[in-house]
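Form predicted on its own, single chain, as structure tokens, below.
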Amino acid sequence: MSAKFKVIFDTDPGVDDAMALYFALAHPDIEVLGITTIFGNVTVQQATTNALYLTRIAGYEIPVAEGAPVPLAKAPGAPPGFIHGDDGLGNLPSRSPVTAQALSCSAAEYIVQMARAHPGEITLVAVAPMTNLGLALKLEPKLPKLLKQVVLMGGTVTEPGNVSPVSEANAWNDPDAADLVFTAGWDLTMVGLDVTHRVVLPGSFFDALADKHQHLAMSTLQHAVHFYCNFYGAIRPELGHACFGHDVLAFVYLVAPELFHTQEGRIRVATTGAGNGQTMMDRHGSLFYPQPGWEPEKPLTRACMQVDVKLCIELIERTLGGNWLKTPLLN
């Protein structure tokens, strides 16, 4: 454990999850200790399959623990195959043989075990519905003190939502878990739609990386990204053939927080009604609210509000363009 940032990556791969995973593997300051999977972009079983596949074809043997299949309380929904593909990776025409298996423990158990074994050392980067984090908190209420920090992609403060006018998908998928996470008291940074909707990556960006590397992992990502760009092109034609980076920005913040402007405030998540999944932030900080739930002792969250788009994209390009890919671990 010699890297600057020792990370457990909680994810539901997912095209932008794949971008984030490969950025983390490529960056010299990040060591991905393990991956925990969750429902969201795909079923949890498909998320596990994708996590094992993406790591092995890149040449990395990283433990994967499968997480929760459904939210804590909300009725589960169907994965958005029209966004990421039914397989989460743009409906790959074929896959190379990978027989790696997930760990026997659950994602929540793995998070708790690792945090207890390495207190104060591990950063949890979460870019999916927060059910695994909620379950881990139930297993170990002291978890916020055992982890170094949590960086999550989710929520929004002022930017319109992407699953309702006010809600971002990860918070909306399990609002009860999200509210539990935002009130748990860890060193928490939210990288939400306020910044992820500013960073637009064209399909040609990944074409150039695939041409440079000539590697199965990058051609897989290239295929997935083009499917993702087609979705965004249909609903946001002003973007051209491009997509939002979303999840990768959680890792960009981890290694380069100076590229972001943040604001601190208490965040709660609406769990019912038309606004379920809305991340509500007390941006004033000193008012007395008669509505319970906003007491001064509630923990603060650091929310990213602005990002240096140019430097962010340059960092992603420089990182993914480096010499990080290995021989695929195939059978």
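These numbers were taken from a predicted model, which means no experiment stands behind them. Quick note: we count residues from 1 along the sequence shown, nothing fancier.
Not pictured, yet referred to below: the form predicted together with ligand BDR.
For Asn170, a non-hydrogen atom is located within 4.5 Å of ligand BDR in the predicted bound form, even though that partner is not displayed. Within this chain, Asp247 lines the site of ligand BDR in the predicted bound form, having a heavy atom no more than 4.5 Å away. Shown alone here, Met153 lies within 4.5 Å of ligand BDR in the predicted bound form, counting heavy atoms only.
Contact check for Val127: a heavy atom falls within 4.5 Å of ligand BDR in the predicted bound form.
When ligand BDR is considered in the predicted bound form, only one residue from Leu201, Leu143, Leu193, Leu254 comes within 4.5 Å through any heavy atom, namely Leu193. For the residues Gln222, Asn162, Ser106, Asn230, the 4.5 Å heavy atom test against ligand BDR in the predicted bound form is passed only by Asn162. Of the stretches 162-170, 68-76, 212-220, 134-142, only 162-170 has residues with a heavy atom within 4.5 Å of ligand BDR in the predicted bound form. Residues Asp16, Asp17 are the ones in 15-40 with at least one heavy atom within 4.5 Å of ligand BDR in the predicted bound form, listed in sequence order.
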